[in-house]
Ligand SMILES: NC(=O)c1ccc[n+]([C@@H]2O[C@H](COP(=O)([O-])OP(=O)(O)OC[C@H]3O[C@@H](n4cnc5c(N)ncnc54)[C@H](OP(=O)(O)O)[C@@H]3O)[C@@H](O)[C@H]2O)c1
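A single chain comes next, written as structure tokens; it is the form predicted alone.
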């Protein structure tokens, strides 16, 4: 990262703090960063990392190259207009707040601001996330590179050409970790019903899901083929898959779940 680049992070909750830690680990200098957050505890913790922090936007703040909004969506309508002057002077706005479309930021900031909308997910906390980005027409290649560098600090990055696809991304990768957590829960509960202790059931379920995911991520073989390799004809796995892949099974449920999440994302937007 160019040492002359200045990054202003607005909101340092779960996602904001994950980004901040990722940037510092990536080698971005603490003096390039400034955090705005209304919680005293967050400000103290941020300053302990050597990063400047304040509770509100000061008039003498250094002009940022990028303003990252990592706050709750309901805070944006009152918060974003406060940064209109900084955006007008050339700062690109990078939002990781869920649900707010680019048009809303353009309306709140006025003029012709550079806006990049991002959809990260919770594994960003351990730098294993994936983030989808989409930009408005005002954003140039230099700003795209900067935004991609900032989000790549917490995982993989993909770009979208069409903002309407963000609803599907939200339903898959944004909400998706919750589906996986539910799978771990239900596997553990089923294991207990088969006689395993709660601790052993939880350990087996968690390790199996985590290990299978890591294996699939590292394997050059597509997941369907991996599934076939594990499934011996007439064996235990086949017996289970006949239930999961039967009428009204897992494929149907996941398709309905993703459709519901995408529809809700469109409503919220």
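This structure is a prediction, so every number in the text was calculated from the model and none was measured. Numbering follows the first chain given and starts at 1.
What comes next is about the form predicted in complex with this ligand, which is not displayed.
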Exercise. Identify, from the list 73, 176, 155, 101, the residue with a heavy atom within 4.5 Å of this ligand in the predicted complex.
Key: 73
Self-check item: Exercise: residue 143 in contact with this ligand in the predicted complex, heavy atom 4.5 Å
Solution: no
Quiz item: Does residue 68 reach this ligand in the predicted complex if we count a contact as any heavy atom within 4.5 Å?
Solution: no
Quiz item: Hey, in the predicted complex, is residue 133 touching this ligand, heavy atoms inside 4.5 Å?
Solution: no
Quiz item: Should residue 50 be classed as touching this ligand in the predicted complex when contacts are defined as heavy atoms within 4.5 Å?
Solution: no
Quiz item: Counting only non-hydrogen atoms, which stretch in 202-210, 234-242, 32-40, 220-228 is within 4.5 Å of this ligand in the predicted complex?
Solution: 32-40
Exercise. Could you list which residues of 113-132 come within 4.5 Å of this ligand in the predicted complex, counting heavy atoms only?
Key: 119, 120, 121, 122
